[in-house]
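Single chain ahead, written as structure tokens, the form predicted on its own.
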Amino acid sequence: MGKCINDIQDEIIEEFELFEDWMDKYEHIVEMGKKLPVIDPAMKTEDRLIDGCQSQVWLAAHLSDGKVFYTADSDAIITRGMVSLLIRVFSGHTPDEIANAELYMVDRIGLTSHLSPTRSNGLLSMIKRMKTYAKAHLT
């Protein structure tokens, strides 16, 4: 059995604790964004765009063996990194686990206090959309 959502969050929190200053943390987020698998350009449709993000973010989800898997892309490298963090946490879990997950890592790694208000809103929109997709698969 795979790791639970909280185990993954704890792993990410530990990774971020290795970095002393915020420039290094941003660099880590950017690196994660670079590792995000490229999505099929056909997935970059209007209905997959996330509202509330200052940059363009496309998010797609599919259900396989009772688990939700996400793919995403963004035209902004830092946003790509943030969405890759969320995919790492949520992808491969059941709709129920995702819908009910409490995402505490965002605060714990300091994203809430270090992101601009528009980026914070974008991050919340991404989380909301991922949970909405999960809830859609619950029915």
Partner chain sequence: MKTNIVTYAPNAPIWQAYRNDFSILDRDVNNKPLAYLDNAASSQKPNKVIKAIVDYYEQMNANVHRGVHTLSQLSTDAFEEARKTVQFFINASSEREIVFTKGTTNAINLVAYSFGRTEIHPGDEVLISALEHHSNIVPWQMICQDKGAKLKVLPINEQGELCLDQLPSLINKKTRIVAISHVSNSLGTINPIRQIIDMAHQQDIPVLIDGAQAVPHLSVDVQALDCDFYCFSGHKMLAPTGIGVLYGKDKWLNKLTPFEGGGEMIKSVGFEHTTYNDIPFKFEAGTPHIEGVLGLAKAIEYMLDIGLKSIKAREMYLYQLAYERLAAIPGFKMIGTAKEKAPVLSFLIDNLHPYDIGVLLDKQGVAVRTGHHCTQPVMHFFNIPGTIRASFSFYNNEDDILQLDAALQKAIKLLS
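Just so we're clear, the structure is a prediction, and the values are computed from it rather than from any experiment. Residue numbers count along the first chain shown, from 1.
In what follows, reference is made to the form predicted together with the partner chain, a form of this protein that is not presented.
A.B. asks: I need the one stretch from 22-30, 42-50, 95-103, 63-71 whose residues put non-hydrogen atoms within 4.5 angstroms of the partner chain in the predicted complex.
C.D. replies: Stretch 22-30 is the one.
A.B. asks: Would you please decide whether Thr79 lies within 4.5 angstroms of the partner chain in the predicted complex, comparing each non-hydrogen atom pair?
C.D. replies: Yes, contact at 4.5 Å.
A.B. asks: Taking the partner chain as it sits in the predicted complex, is Asp75 near enough to touch it, meaning that at least one heavy atom pair lies within 4.5 angstroms?
C.D. replies: Although the partner chain is absent here, Asp75 would touch it in the predicted complex, with heavy atoms inside 4.5 Å.
A.B. asks: Check whether Thr112 has any heavy atom within 4.5 Å of a heavy atom of the partner chain in the predicted complex, and answer yes or no.
C.D. replies: No - in the predicted complex, heavy atoms of Thr112 and the partner chain never come within 4.5 Å of each other.
A.B. asks: For Lys34, is any heavy atom within 4.5 Å of the partner chain in the predicted complex, or not?
C.D. replies: Within the cut-off, so yes.
A.B. asks: Using the arrangement in the predicted complex, list in sequence order the residues of 44-67 with any heavy atom within 4.5 angstroms of the partner chain.
C.D. replies: Stretch hits, in order: Cys53, Gln54, Ser55.
A.B. asks: Which way does the C-alpha gap of Cys53 and Asp73 go in the predicted complex, closer or farther, given it changes by 3 angstroms or more?
C.D. replies: Their C-alpha distance grows by at least 3 Å in the predicted complex.
A.B. asks: With a change of at least 3 Å, which way does the C-alpha separation between Cys53 and Trp58 go in the predicted complex: closer or farther?
C.D. replies: Farther: Cys53 and Trp58 separate by 3 Å or more in the predicted complex.
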